[in-house]
Each structure stands twice: as structure tokens, then as C-alpha cells.
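In the form predicted alone, a lone chain appears below as C-alpha cells.
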Amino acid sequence: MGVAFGKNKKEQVEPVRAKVTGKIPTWLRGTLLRNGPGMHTVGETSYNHWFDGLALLHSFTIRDGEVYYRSRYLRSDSYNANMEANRIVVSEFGTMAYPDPSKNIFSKAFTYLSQTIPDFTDNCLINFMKCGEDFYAVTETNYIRKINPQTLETLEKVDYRKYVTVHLATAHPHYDSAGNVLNLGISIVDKGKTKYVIFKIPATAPDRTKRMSPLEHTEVICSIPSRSLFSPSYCHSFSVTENYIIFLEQPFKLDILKMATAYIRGMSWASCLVFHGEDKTYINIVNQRTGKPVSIKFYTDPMVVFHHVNAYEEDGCLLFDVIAYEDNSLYQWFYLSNLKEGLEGNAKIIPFPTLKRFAVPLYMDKNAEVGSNLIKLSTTTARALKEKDDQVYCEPELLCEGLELPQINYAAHNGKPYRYIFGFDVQRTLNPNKIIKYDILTKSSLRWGEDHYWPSEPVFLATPDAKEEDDGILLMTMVSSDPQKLPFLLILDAKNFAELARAYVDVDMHLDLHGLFIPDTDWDTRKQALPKEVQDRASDCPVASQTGQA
């Protein structure tokens, strides 16, 4: 049960009751869903990259101080094809696979070149998305898989292209105050153009009597041409405010021409992602109401960003925070061969992230002198320097180093001024890390960690009577590098990092990537996540039959 990158994990289909120590808050009722790679070898074949592994979903169902755990592999088309062949036959981003190795190179080329853009995997291993009343496992391709969040069963396969022309889409959608989904996708060489497409999925279908999915009413907010027809930027996430959407065209680019021939060259799609250190990073600002981009041309130095943290508007400016790297070495670092070397103490230093704050003016004074700073805010040292031809160079404020997988009080502060960031405290070597709370105002931090344990991305939940931004708890999965130590769900007080409770489970738990918490608003439905004897007990209990969040 120890941490071992590349080791296959067993699924736990039937719920297992956890051993709880400490006291779980009485108001905490719901299900924590987590997603990540759980299987890295099929038969005699192996994936090359940790992000290629087959998706293993797991959940913690919490109610009345009890916790139940279960896990299940996503039965994607990719999973099913691999299991039937007992080897890897579906390509993932870091592993190119061949369904029929007996074919010669010419028949392979003919089969593949019939389509310029490959049919990507539906191995949705990165995150979850709530769309209307439905939940989906998501990755960065055009495919998402509907799931049953109570039982983790895999339901229908959905192709974004049925509703909006995108070949790739982020696994980090946003939700506005009405529950609408906002996401960013890339349309590759469609009608002679490669575009970044910002689209919105309504929280509910206009006519619910026809049982239509909200996906059928997907709306394109804006399409922005890529600066290069054959080299769009890699986009993992983006930021939103009340009125604007911010995304970066970074010099970490997907070479479409290389990708179109990757199959016959025997190269993975990951090899088609190229970092151009001589290029700039361009900042795109789109008005949500009009769908039009801000005309000012903003740019900054070359960097690679996987995770945006948050953004907000202040006195005619946009401030947005990102986790930035000097190059693409973080993605390279997660090849399983590199991770194995790291566990043996032979790896290079882990790429180190930096939390950067950018500030951009929404309007530019035409009389401002070239070289002048257009940012007049006292709350940041970030600058926006006017250049010729209405270009603006953005110089960030460096907030802190070593923070990744950032989370905030999303429900109350996404797109709004905020103070606290919760995340993964990255160290310089491959050792179990800590959870960090960073205070943007005081530039101070809190940390929590335990020897031999790896924490997951923290999930913040506000208390029902929260008055301050950090009134709440953090939920994290903890997996040990010591096989004698059981994994557990950890609950921390988000204000002071005091430990509230643990829920130990005797299972083969995997390291995961992202997830979400579903509040208990429908107990009768959610009972499916619990063993039958617990369902019966809950049905006999008059308190349990009264649904709703405390």
C-alpha cells in the first residue's frame, strides 16, 4: 500500500467503512470524489508517463461521523479495449500504441493519415465536472465520461464536438454564480483556422420537460485565432472574474504537423509539445458580456503555467495569480523512468514553481509615456509598462515559491478579491511533501505534514456559518510511502491547521490529481454509496430521512 509511481492499484468496488479518529464536524455531509491514474501496466506492456495511467476514481462518503470509501476504474473505451487485448492498444499522451502490431508501416500510415487530427483517448483521469444535475470525469481531450457519483459506475461517453468544435478542452472548468459551466477549448485547423474557443454550458436546459441535457445548449462566448495555425499554446487552466476571462498563450506549444505524423514515426503526442524559450507569453482578456477581447496587447516573459489560482477586478485593473515554471521540465519529470530514478535518489532537482501575480489595465491612457507604469494600485508591486504600438509588457510580483495544486475558498471568492491559497508544498527532492496555507496579505504561511505520507490537493469547504474567508476545513487524501502505514482521509481546520479527524481505510489507495466535493443534498440517492445495512439503518432513523445540508 505504499507510494509507488507506476504500480497498478486494486479497485474497491464495495464500500469499506473507515476507522475514524478525532471528531468529524457534524455539518460535514457529502461525498468527496477524487480522480487520478491507477493502472500503468496492461499485460506485458507499460505506459511511459504517469499521466497516461488508466483512470481510477475513488470517493469518501461522509455522514454522521462515519466515512465509507470505494474506488472503481473508469470503464472508458480505452480501458475496455486494453483489457480485451490484455495490452495497451490505445495511445495516451506520453505513450503511442498500435492496435495491430502485425501491420506493416505502410498500412499503419494509410490508416492513420485518413484523419489529420487523431481520435484522442477517453481515459478521463484528471478531474470531475458538474454539468446540470450530472457529473463527468474529464481529461484534456474532446471526450468526457458521465459517471454515477454514488457508485462510481461509468455511464455514457460524451463528445464535446457534438456541441462545440473543440479537439482539446481544459480539465479545469469554472462555474459562475448561476451554476453555468465555463470552459476553454482548442479547435485545431477547423476550416483553415486554429482557434481558442471559450464556451458556456447552462446549469439547466431551457425546457426541462424534454429531458434535454444542458450540453445541447452549449454557447460559444468567443473564438480567438491562435497566433500560429499549426502551433497552438497548451492550455491547462484559465481564470475568470465577474466580467472577464483570462487565458495565456504560452510558449509551450503543440506542434500539429508533428502530431499528424507521430503515429507513423512511432513518437508520442507528448513529443509534439515543444517549449519555445525565445517566445513571449501573451495574455488574453475577454469580456464575458460582449465576447470581445480587450484590444490592448499584453505580454510577459516566457513561462509555463499549468494552474491559474484566481483573478479579480480592482480600480480598472485585472489582477490574476498563476503558478509559473521557467520551462516545460515539470511535464518531462513525470515520465515514469524519471520518477523511478527520483525514488532511488538519483533524479535531478524537481522543477520549482513560483506563485506570480500579474496586473493589467483594462483601459490605457493614450497620453501615457512609453516606459511608464500603467498600474497605480498600492496593493501590488506588479507593473504594466507601456511600449510602442499599444503593447504592454507585464512584470509580475513574485509572491512565493514552492506552491502547487492551488485551491481557494472557491464558492465565496473565485473571481473576487481573496487572501488565502491552500496547496501542495513542493520540496526540492522527491520526498513526501506538506500542505501549505499562504496568506497573500501578510506573505506568511502555515504548513502541515507527517513523515512518510503524501498529501493530495486540498479541498476547501466553508463552515455553514462562515464569516471570514478561511472559516472552514480542508479535506485531503493521505497515502504513505511506508507499506505498513494505512492511507487515510485527513480533515484539518483551515484557519489554524489543527487536525480535526482522520478516516483510515485498509485499501490499496492511489495518488490522485484533482476532485470535488458533493454536498449531501439528496440522502435517498446518496445512500447508494453506503453498504445495505447502513442504508437500512439510515432509513429507520427519522433524522437521516430529513435531507439537506446543515
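Because the structure is a prediction, the values reported are computed rather than measured. A residue's number is simply how far along the shown sequence it sits, counting from 1.
This protein has a second form, the form predicted together with a small molecule, left out of what is shown; the following refers to that one.
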Of the listed stretches (387-395, 266-274, 238-246, 128-136), which one has a non-hydrogen atom within 4.5 Å of the small molecule in the predicted complex?
266-274
Using a 4.5 Å heavy atom cut-off, which residue among W448, F120, W333, Y175 comes into contact with the small molecule in the predicted complex?
F120
Exactly one residue in Y160, F460, Y420, Y234 has a non-hydrogen atom within 4.5 Å of the small molecule in the predicted complex; which is it?
Y234
Please state whether every one of the three residues E140, L168 and L513 places a non-hydrogen atom within 4.5 angstroms of the small molecule in the predicted complex.
yes
Can F93 be called a contact residue for the small molecule in the predicted complex at 4.5 Å between heavy atoms?
yes
Taking heavy atoms only, is F51 within 4.5 angstroms of the small molecule in the predicted complex?
yes
Could you tell me if H307 has a non-hydrogen atom within 4.5 Å of the small molecule in the predicted complex?
yes
